[in-house]
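Next comes just one chain, in structure tokens: the form predicted on its own.
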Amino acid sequence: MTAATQEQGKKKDKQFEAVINGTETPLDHDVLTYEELGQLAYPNHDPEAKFTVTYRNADPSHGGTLNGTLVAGESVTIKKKGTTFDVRLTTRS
């Protein structure tokens, strides 16, 4: 087994955890997109649905602070501990 293969195996074995709408959610990767968060919070949701996503204690891909709001197409990197998301389904009027 090469060093590169061993490194890939270690990355695959890593477990991450975030709290989504008050529920601890185990993850196999540390970067979450707006779209993934909608799917995790509301599985089988209407594909046309829109969400309001806020986060605490995460590194946004667009730069900025540890707390904020995600919009479609954006992502954040979760921290080892303490990353939380509030995902709300937005209804149209």
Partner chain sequence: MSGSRLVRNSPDLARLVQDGFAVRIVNGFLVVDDIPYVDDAAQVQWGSFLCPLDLSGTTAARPTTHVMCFVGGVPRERNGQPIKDLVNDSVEKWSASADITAACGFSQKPEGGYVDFYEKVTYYTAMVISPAQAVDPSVNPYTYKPIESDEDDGVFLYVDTFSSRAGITELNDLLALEKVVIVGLGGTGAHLLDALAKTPALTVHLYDSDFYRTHNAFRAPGAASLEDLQAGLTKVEYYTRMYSVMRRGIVPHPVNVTADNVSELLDAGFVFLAMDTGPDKKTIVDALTQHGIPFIDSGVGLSKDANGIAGQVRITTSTPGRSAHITRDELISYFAGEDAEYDTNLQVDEINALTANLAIIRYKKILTFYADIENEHHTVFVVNSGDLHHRYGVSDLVRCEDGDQHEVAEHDDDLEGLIDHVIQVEAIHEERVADTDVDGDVA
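Because the structure is a prediction, the values reported are computed rather than measured. Numbering follows the first chain given and starts at 1. Superpose the two forms; the largest set of C-alphas matching within 1.5 Å is the rigid core.
There is another form of this protein, the form predicted in complex with the partner chain, and it is not shown here; the text below is about that form.
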For this session: Would you check, heavy atoms only and a 4.5 Å threshold, whether residue 18 touches the partner chain in the model of the complex?
Result: no
For this session: Indicate whether residue 54 is a 4.5 Å heavy atom neighbour of the partner chain in the model of the complex.
Result: yes
For this session: Report yes if any heavy atom of residue 45 sits within 4.5 Å of a heavy atom of the partner chain in the model of the complex; otherwise report no.
Result: yes
For this session: With heavy atoms only and a cut-off of 4.5 Å, decide whether residue 82 touches the partner chain in the model of the complex.
Result: no
Exercise. Can a Cα shift of no less than 2 Å be assigned to residue 60 between the shown form and the other one, given superposition on the rigid core?
Worked result: yes
Exercise. Residue 35 to residue 60, Cα distance in the model of the complex relative to here: closer or farther, by 3 Å or more?
Worked result: farther
Problem set entry | Direction of C-alpha distance change in the model of the complex, residue 32 to residue 64 (at least 3 Å) | closer
